[in-house]
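Next comes just one chain, in structure tokens: the form predicted on its own.
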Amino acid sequence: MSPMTPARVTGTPGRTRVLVAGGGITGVAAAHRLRERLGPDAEIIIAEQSMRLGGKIRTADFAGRPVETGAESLLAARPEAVRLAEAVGLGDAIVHPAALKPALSLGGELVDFPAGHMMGIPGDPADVAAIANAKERPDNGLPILEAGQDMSVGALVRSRLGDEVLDRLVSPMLAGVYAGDVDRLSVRAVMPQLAAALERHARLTEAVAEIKRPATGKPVFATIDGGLDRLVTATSAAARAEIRLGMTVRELRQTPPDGWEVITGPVPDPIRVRADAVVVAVPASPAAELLRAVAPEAAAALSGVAYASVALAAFAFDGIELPERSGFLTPASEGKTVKAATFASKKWPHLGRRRQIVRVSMGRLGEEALLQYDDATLAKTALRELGEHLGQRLPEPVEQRIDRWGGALPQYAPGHVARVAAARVALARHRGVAIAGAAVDGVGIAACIASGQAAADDIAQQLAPK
């Protein structure tokens, strides 16, 4: 910062002030929890670089319906997202998908995705016999993982159940969730329950069978009638935070004895925000930059997190019949650009059946060049391949859109959990700073909410009178 451009100072003296860097669902959830913990008099600021809150949550009016153009649903099997929705007055707006099964697209045919699996890994080889040969290889009688040990999902499944299970079942599932390479995804980060079970079992199928939840009849997923944007809006309103859009947090400095100075705003006209604490809820690379001078160990852990990019196409059709399925996944070995599709109007009854709406996902780790094609080319490719997967020539859609999400999905390499734990130990030496978000604690709305809330709890505890 040039001495010719002194930073403007903002804030009210004498009040507890926390700045949340990042206005995705992680940052918004953190602000909400901070309001609950710190009370009505605290100043809570959300600084968001873009001109909107929500991050990867974005709802659009598409074919007359609110359709998600980013993250599609909440994981209702864990409680954080549903509880937050209820807390901010959206309990009555929570809706669940129809009881339809997903399919696997193999050789131009849609076949049932096998039941009885965890992320595609079967608990019983007989469950997947129609799709893949899953005879488990002999074991040595020792637990697969030692305490704290990690390995890639690819190495685990390939060594125990072979290439077919990995390529036809596990890879498509993880490509749908992470757009990732199974040989670069950590078992502990992607499937922490399984990793814990692997410390007790010598056979992979036995570990899966131990933790596989019995059918409860309760839906695994949910969304908000009217769109997930409503969750972002209601949560930020309940947080009563000061929202600063178009504001990039560029620098953190610790100030004696216990405070922080945050440099934000445009470089020619910087703003200095004095805060008692900071929650860093931005992607890995900018988070590493902010923390490099504060906690180099934490910055190093974050700087190693890679990201995959995806493109989503949405189509609305009149006069076509879709299979009675929620959608499909396809293995990379099928050679298709389209890796997954959701039959949104079938899966989500609240969208209605007046028009058939399909969301198509394209892009895996290393396929970033895909996003450079223009909208017309991406839409044409998605439409042609969708027809190939469905075994029919599709009519021209009545409406279509393309959404690009560059660097959207963090990739958790083996050792990620241990690196994040070490980063948090390093940050604990500095009062009033916490990290949160998909970069560290998992993808998915529920995981991000839980991460933001945990960071807020940590900050509130640190700021409590001694």
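Quick note: we count residues from 1 along the sequence shown, nothing fancier. The shown structure was predicted, so the numbers you read here are calculated from the model rather than taken from an experiment.
The same protein has a further form, the form predicted in complex with a small molecule, not shown here; the description that follows concerns it.
Using a 4.5 angstroms heavy atom cutoff to the small molecule in the predicted bound form, none of 66, 344 and 360 count as contacting. For residue 438, a non-hydrogen atom is located within 4.5 Å of the small molecule in the predicted bound form, even though that partner is not displayed. Using a 4.5 Å cutoff between non-hydrogen atoms, residue 162 does not count as a contact of the small molecule in the predicted bound form. Residue contact check for residue 145: none of its heavy atoms lie within 4.5 Å of the small molecule in the predicted bound form. The closest non-hydrogen atom of residue 72 lies within 4.5 Å of the small molecule in the predicted bound form. Note on the interface: of 248-256, 105-113, 127-135, 165-173, the segment with non-hydrogen atoms within 4.5 angstroms of the small molecule in the predicted bound form is 248-256. Only one of the listed residues (38, 47, 44, 433) places a non-hydrogen atom within 4.5 angstroms of the small molecule in the predicted bound form, and that residue is 47.
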